[in-house]
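Okay, so here's just one chain, in structure tokens, the form predicted alone.
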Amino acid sequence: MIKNILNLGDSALYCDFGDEVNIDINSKVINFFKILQKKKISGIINIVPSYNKLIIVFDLSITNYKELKEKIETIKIEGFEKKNEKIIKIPVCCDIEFALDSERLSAKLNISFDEILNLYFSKDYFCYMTGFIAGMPFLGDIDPKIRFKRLETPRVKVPKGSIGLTEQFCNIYTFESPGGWNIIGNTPINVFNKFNLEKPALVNAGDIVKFYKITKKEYLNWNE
């Protein structure tokens, strides 16, 4: 399952699960992430899953790379079964006011924006990881017909709640921030709550997201 365990600076290492980006490999990353959380190995202070790597940060005053690597190598992970994912439904308004890149995408992909939305809303999306800004989920995999590269020049400000597409992924901007993803809509719900210290992120690695379309009136009158 783990291809290699490598040093990362003086107080971290990473478990390499391969070069590919797909649900099978990412599920293994997430499963091992959960195993390590339960193990509570002395010295580990943070564990960060990504598409196909798992970064483990440790306290040098308690452990070191060699010692931690040896402990990780003894953990039996064969036969760990994938559990049912949490399913999260997220409303999206695709009114022209929120779909900042509707015309650009339609022209570049040579299909109507309605067809782009039909393809987008027809699928469920797997959360590979969160990052870039707090709680931002990286969700895959979008239909090949609507995959496109990011903007050549990123925006200085992307509105909070924006739904973006790039290549095989889509995401949700949890805060206003710079960004270069193609924006097709906006959600009225709060995907990250910094005041909820136990569970600040609505969507986490391994979850399944189902997007559904709402009108602008529903968006403006949304009350969580």
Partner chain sequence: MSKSYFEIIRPGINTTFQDTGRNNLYYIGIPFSGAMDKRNFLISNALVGNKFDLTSIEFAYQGPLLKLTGGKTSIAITGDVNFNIIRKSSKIFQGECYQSYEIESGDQIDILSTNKSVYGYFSVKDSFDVESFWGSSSINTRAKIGPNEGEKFLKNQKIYLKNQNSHFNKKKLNYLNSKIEYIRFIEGTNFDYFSKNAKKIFSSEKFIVSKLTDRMGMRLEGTKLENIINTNIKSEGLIKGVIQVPADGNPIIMLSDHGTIGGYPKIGVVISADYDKLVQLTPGSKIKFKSVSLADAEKLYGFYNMETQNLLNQIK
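Quick caveat, the model's predicted, so the values are computed rather than measured. Positions refer to the first chain, counted from 1.
Note that the form predicted together with its partner chain isn't included here; everything after this is about it.
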Item to check | Heavy atom of Pro49 within 4.5 Å of its partner chain in the predicted complex | outcome: yes
Checklist entry - Could you tell me if Gly140 has a non-hydrogen atom within 4.5 Å of its partner chain in the predicted complex? => result no
Checklist entry - Can any non-hydrogen atom of Ser102 be found within 4.5 angstroms of its partner chain in the predicted complex? => result no
Checklist entry - So, in the predicted complex, is Val57 in contact with its partner chain at a 4.5 angstroms heavy atom limit? => result yes
Item to check | Output flag, Asn7, Ala12 and Met129 jointly within 4.5 Å of its partner chain in the predicted complex, heavy atom basis | outcome: yes
Next on the checklist: I need the one stretch from 111-119, 89-97, 132-140, 68-76 whose residues put non-hydrogen atoms within 4.5 angstroms of its partner chain in the predicted complex.
Outcome noted: 132-140
Checklist entry - Within 4.5 Å of its partner chain in the predicted complex, heavy atoms considered, which of Ile208, Ile214, Ala201, Ile23? => result Ala201
